[in-house]
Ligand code: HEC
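Quick heads-up: it's one chain on its own, the form predicted on its own, in structure tokens.
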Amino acid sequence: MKTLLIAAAAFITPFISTLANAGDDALLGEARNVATTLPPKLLASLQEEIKKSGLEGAIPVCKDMAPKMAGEISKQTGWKIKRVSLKVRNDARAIPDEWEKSALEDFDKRAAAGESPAQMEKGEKVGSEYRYVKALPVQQLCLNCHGPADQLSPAVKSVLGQHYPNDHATGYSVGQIRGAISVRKPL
């Protein structure tokens, strides 16, 4: 009887493991879809506002509209979504927790070793949640507000100073990791 139970367990265990991994794969796919929803919407709004109001006039898009867009996505999907960074501009919203900080530090190490930031992501069950982060690489447009401080226009510097007196989010170059989109959902 004992031998039969051991044989049954050996036969059933791979199927249980496969089912568990399928659940993780489904959560990863769902998280990935949610995380990739915000950046193109934000970019389109940013480009539209730059055309209307110039670079300095577009700063509120990232400050005010991005959190509203994230809130809408959260309501639609059930996933909490936000942007986080190791070099924080908005210290009221973008400070990473320990899990996010660890992922961002790992992304930086991987980028330094030559891996493309555009492909970097991490997803896993953490406690009673599924957590996911996707790296946000700096694009050329981003440099207008996140590039080397001595290369920012006086108008942009002035508006950034008004909105973000404790700004640490400058000095980037194209391709560096600006931060990440972070999503989480209770299981």
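Numbering starts at 1 and runs along the sequence shown. Only a predicted model underlies this, so the values are computations on that prediction, with no experimental measurement involved.
This next part talks about the form predicted together with the ligand, which is not shown.
Of the listed positions (Leu28, Val126, Leu43, Ala118), a single one reaches within 4.5 angstroms of the ligand by any non-hydrogen atom in the predicted complex, namely Leu43. Site annotation in the predicted complex: the residue of Val133, Ala70, Cys145, Val34 reaching within 4.5 Å of the ligand with a heavy atom is Cys145. Contact with the ligand in the predicted complex, defined as a heavy atom within 4.5 Å, is made by none of Ile81, Ala103 and Val183. Although the partner is absent from this view, Lys63 contacts the ligand in the predicted complex, with a non-hydrogen atom inside 4.5 angstroms. Although the partner is absent here, Ala111 lies well away from the ligand in the predicted complex, with no heavy atom inside 4.5 Å. Contact check for Ala149: every heavy atom lies farther than 4.5 Å from the ligand in the predicted complex. The ligand is not shown here, and in the predicted complex it never comes within 4.5 Å of any heavy atom of Ser53. If you take 155 to 172 and check each residue for a heavy atom within 4.5 Å of the ligand in the predicted complex, you get Leu160, Tyr164, Ala169, in sequence order.
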